[in-house]
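So this first bit is one chain, no partners, the form predicted on its own, shown in structure tokens.
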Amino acid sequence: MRNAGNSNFEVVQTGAAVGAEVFGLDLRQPVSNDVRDLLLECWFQNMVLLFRDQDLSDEDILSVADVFGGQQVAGSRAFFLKAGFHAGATHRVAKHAGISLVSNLGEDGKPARETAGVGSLEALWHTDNSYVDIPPGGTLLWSEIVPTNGGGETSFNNQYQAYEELPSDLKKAIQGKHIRHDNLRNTAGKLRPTAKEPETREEITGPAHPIVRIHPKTGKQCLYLGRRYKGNSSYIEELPNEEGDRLLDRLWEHTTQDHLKWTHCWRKHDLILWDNRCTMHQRDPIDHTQARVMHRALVKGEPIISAWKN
């Protein structure tokens, strides 16, 4: 694979249902069109790519996002700005609109169990920004500071395989159904700054997306569940609450099975790219006495292609 500064790279699959590690690339260097096309092919095949030992600036991370499809601003940024957090002045909002800071540092700069963001809490199984009309195609997450044996491992699962393995009665039950995606809570299930606890499902203000979508690059069908929390949260539009919740219970139990996942243990300066169209992910709790600081960029997405229209 030929490119000045990035002349050769090797791809080694994890052996799990998802994931591969890419060796031999320095992502601070330009990437040729040929190498870009090969990387895209590799990404679509493996869904999650790991690049180790990447000493990157935020500008570098955004350049990598451009390689894989362009940049997209996270939906959570608007909540923090509305709440009075200033870009570049806190551990919540980066100065670059395309970068999100995923940190367990409080406003005093020290690690904490709970912050205005997810803090050190578990990040529940979810798909990034499923709560916007056009969700991102992918996510880049780069580790600046990681705790020593302090948790924060991240798991990813394969939503192509999850759909393929659905029992026939469950596959029939979801036909034509859509989920209204909760945009009021973060990935730990906490209300976002300025958001109010919804008293009814009609107060969930996120968009509705099909339970099964078609990947725009591979043409394959996959489950698309997004995120779900206790109380009035994401729900199936076509069903009453109790019936919809029972169906969602079955879907979440099925899609988060261990054989569908791969878990990554972070090292400093790891960069991971995952496909939000066909994976979900989850983060273990963090030792709240140790700092963990990550920089995230979203790869631009496309309007969702519903399986129900094909």
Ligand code: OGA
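A residue's number is simply how far along the shown sequence it sits, counting from 1. Because the structure is a prediction, the values reported are computed rather than measured.
The following text describes the form predicted in complex with ligand OGA, which does not appear among the structures shown.
Though the partner is left out of this view, residue 261 does not reach within 4.5 Å of ligand OGA in the model of the complex, counting heavy atoms only.
Put simply, residue 126 is close to ligand OGA in the model of the complex: some heavy atom of it is within 4.5 Å. Residue 292 belongs to the set of residues with a heavy atom inside 4.5 Å of ligand OGA in the model of the complex. Residue contact with ligand OGA in the model of the complex: residue 266 places a heavy atom within 4.5 Å of it. Contact annotation: ligand OGA lies within 4.5 Å of heavy atoms from the stretch 275-283 in the model of the complex, the single such stretch among 30-38, 241-249, 47-55, 275-283.
The putative spot formed by 116, 120 and 288 is not touched by ligand OGA in the model of the complex; no residue has a non-hydrogen atom within 4.5 angstroms of it. This chain is drawn without ligand OGA; in the model of the complex, the residue among 99, 105, 174, 102 with a heavy atom within 4.5 Å of it is 102.
This chain appears without its partner; in the model of the complex, the one residue of 154, 234, 72, 143 with a heavy atom within 4.5 Å of ligand OGA is 154.
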